[in-house]
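Consider the single chain below, provided in structure tokens and representing the form predicted alone.
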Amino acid sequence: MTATAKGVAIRVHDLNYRYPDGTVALEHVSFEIMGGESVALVGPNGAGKSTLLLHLNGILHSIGSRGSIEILGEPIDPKKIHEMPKKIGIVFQDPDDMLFMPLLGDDVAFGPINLGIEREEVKRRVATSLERVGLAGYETRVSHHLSGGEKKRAAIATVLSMEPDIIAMDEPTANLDPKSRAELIDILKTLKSEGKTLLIITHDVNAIPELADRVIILHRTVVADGTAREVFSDTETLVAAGLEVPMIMQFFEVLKAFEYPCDVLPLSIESAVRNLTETAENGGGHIHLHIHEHTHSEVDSAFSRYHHHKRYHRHQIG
């Protein structure tokens, strides 16, 4: 059990922020994240997600801001910003913002060295952090020669070397090919299983059920906060925020139009496999779908519900 698992890891109360030009980025934002909890923060572009992230490590604290933030039970002290990476590590969307040293080992060692960690301990942390992200032995590699997926993992390693209780990430799976995305998700799932407190800003709704215990929708203020199922079931709020639900959930909504028995829509591929297996077993090894007069209108309704701007026609099913 990590230290954060004993209480509140992040507490944000009535946070407000205006940019110097007067643009409102955050309004009355309040939420708590418990130690060991994994939370997905979602919202449309310009909703204030990245601005909020910069407040959590003190970069924007007290500059155009009102409200309060506590990390591990302590308010952010502008005089101790250099110590924040020991509590909360921030992984930015563009890994090149975090990889600037001649060699990858230097990048991963940069934070611990600046904290005054002894050389042997720094060396251990570098090796361990790289191994945890699948980059063991990459200490002498040039960071900017890495692939996109490797850079993303390397950026996470630079945070892990600080050994923070909390890790916050901005769009960790963005711009990755399927293999690199799967590798990155596996790393995040491992961190979650280890009890790290995770805050994940993402548009990758299909990854959320695997990674997050809870989903917060931010649109300058918190407009929804609940389990993935609770939030993704609130279609009106999702549409208003320009968001979608996982494809698996959409697919099973369509299956229901063919009278597939499914009271609770699966959110992930794992839960979909379990659902299909149980249904087949209960049906004697078969799954039966049916077409009735109302089937097509119900499929149309499902497409409309999830923002698919097209209609479904009889010739599409033969």
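From a predicted model like this one, the values you see are computed outputs, not experimental measurements. Just so we're on the same page, rigid core means the largest C-alpha set that superposes within 1.5 Å between forms. Numbers follow the displayed sequence, beginning with 1.
Another form exists, predicted in complex with a further copy of the same chain; not displayed. Remarks below refer to it.
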**Q.** Answer range among 68 to 76, 130 to 138, 184 to 192, 221 to 229 for contact with a further copy of the same chain, defined in the model of the complex as heavy atoms within 4.5 Å
**A.** 184 to 192
Q) At 4.5 angstroms, heavy atoms only, are Gly36, Ile167 and Ser304 all close to a further copy of the same chain in the model of the complex? A) no
(Q) Whether Ser233 contacts a further copy of the same chain in the model of the complex should be assessed with a 4.5 Å heavy atom distance threshold; does it? (A) no
Q: Give a yes/no on whether Gln93 approaches a further copy of the same chain to within 4.5 Å in the model of the complex, heavy atoms considered.
A: yes
Q) Looking in the model of the complex, any heavy atom of Val299 within 4.5 Å of a further copy of the same chain? A) yes
Q: Answer for Ser30 alone: is it within 4.5 Å of a further copy of the same chain in the model of the complex, judged on heavy atom distances?
A: no
Q. Who in 272 to 296 is close to a further copy of the same chain in the model of the complex, meaning a heavy atom within 4.5 Å?
A. Ala272, Val273, Arg274, Leu276, Thr277, Ala280, Glu281, Gly285, His286, Ile287, His288, Leu289, His290, Ile291, His296
Q.
Superposed on the rigid core, does the Cα of His288 end up 2 angstroms or more away between this form and the one not shown?
A. yes
